[in-house]
Ligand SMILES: Cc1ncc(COP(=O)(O)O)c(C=O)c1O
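Taking the form predicted alone, here's one chain by itself in structure tokens.
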Amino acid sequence: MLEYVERKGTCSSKWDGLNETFGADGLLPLWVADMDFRVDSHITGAITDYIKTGIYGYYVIPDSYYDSFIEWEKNEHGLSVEREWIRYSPGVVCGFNFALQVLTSPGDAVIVTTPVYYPFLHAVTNNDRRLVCSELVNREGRYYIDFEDFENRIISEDVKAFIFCSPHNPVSRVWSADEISHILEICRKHGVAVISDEIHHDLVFNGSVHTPTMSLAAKNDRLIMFTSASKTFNIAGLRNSFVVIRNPEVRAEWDRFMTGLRLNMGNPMGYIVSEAAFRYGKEWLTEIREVICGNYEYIKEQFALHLPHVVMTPLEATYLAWADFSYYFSPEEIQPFMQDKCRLAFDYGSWFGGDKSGSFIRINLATRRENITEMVNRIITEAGCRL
């Protein structure tokens, strides 16, 4: 049974870090992507057993850690991963920043498909690469890749790498095998390396099936895949992510770079909780998926009744709803309304790039229904007063 945790006052970034991002406290937080539910008891048990040893010295990563990930990828996603392909990163975000250093040079063009998780944008500019954006096509709330625009921009901007979000955050899209194959074909044709962020690959809904990018790639493709148990099982604070590199030349480049950083392994607790999650967390994951879907359907139903021109993107993946308020609010109005009038904290569409998302909000669904109900009621009430 899932257990909701009151996180305010626990040094939670989501609940206690509001002022730094929004310049205000006391908002109901539905922004940064972590959950408000206690982790599976097997995870707690595994980390408790380690703590009880009373010795926290240097650690040897057990084979069972790698085996748990390999088995999970095979059983859940049909992807066969070999042990020698696996490397460590403290997180997926820092991982794709590292990958840009490995696969590109300063001044190189890097393409993303917007709107997209905003650390993608920051990674390109912060590493002195040139940002190229190909905007996704929004058709009645569902998003599609504009392959013609994507390829034309690669050619005209001499793009060297593509950071691929699969499933896509924030538009909740699970890319089909055909779409991924087409992306890989274009990148291969023009010598573009692919950095594939698949951290949400376990959180898929409504019959959607995630296809790992690596399962469709050629053996010599310059491809690095990133994923983690962190989003799936709410353990992001323990800083443990998987880097999967099949191409031996790319793997050697990665190893040279990481050796220079002296960053080849992480905290013991990150390995311990990741293994426990993969081994025992399936039932917990089933429950959290039900909560996420239920919260999404409730929001969609209430907005349809009271704010019928809000367009909710279909929930295919992630625990993040993407809602279009452009009928009611301009890009300049959306944050003041949600923050100052409704006292709510969201990730706003303008953060994610692109030209057409300024009146969108991204809603964290991984919380108790009472918080979702309160959010919906505040928006409906304040919008009614305004409209």
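All residue numbers are counted from 1 along the displayed sequence. On a predicted model such as this, the values are computed, not experimentally measured, just so you know.
This next part talks about the form predicted in complex with the named molecule, which is not shown.
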**Q.** Interface membership of residue 169, the named molecule in the model of the complex, 4.5 Å heavy atom rule
**A.** yes
Q: May I ask you to state whether residue 200 is within 4.5 Å of the named molecule in the model of the complex, using heavy atom distances?
A: yes
Q. Taking the shortest heavy atom distance, is residue 165 within 4.5 Å of the named molecule in the model of the complex?
A. yes
(Q) My question is simply whether residue 33 lines the interface with the named molecule in the model of the complex - judged by any non-hydrogen atom within 4.5 Å. (A) yes
Q. Of 72, 175, 233, 117, which residue is found within 4.5 angstroms of the named molecule in the model of the complex when only non-hydrogen atoms are counted?
A. 117
**Q.** Answer option from 145, 93, 111, 103, heavy atom within 4.5 Å of the named molecule in the model of the complex
**A.** 93
Q | Partner-facing stretch of 207-215, 77-85, 192-200, 154-162, counted where any non-hydrogen atom is within 4.5 angstroms of the named molecule in the model of the complex | A | 192-200
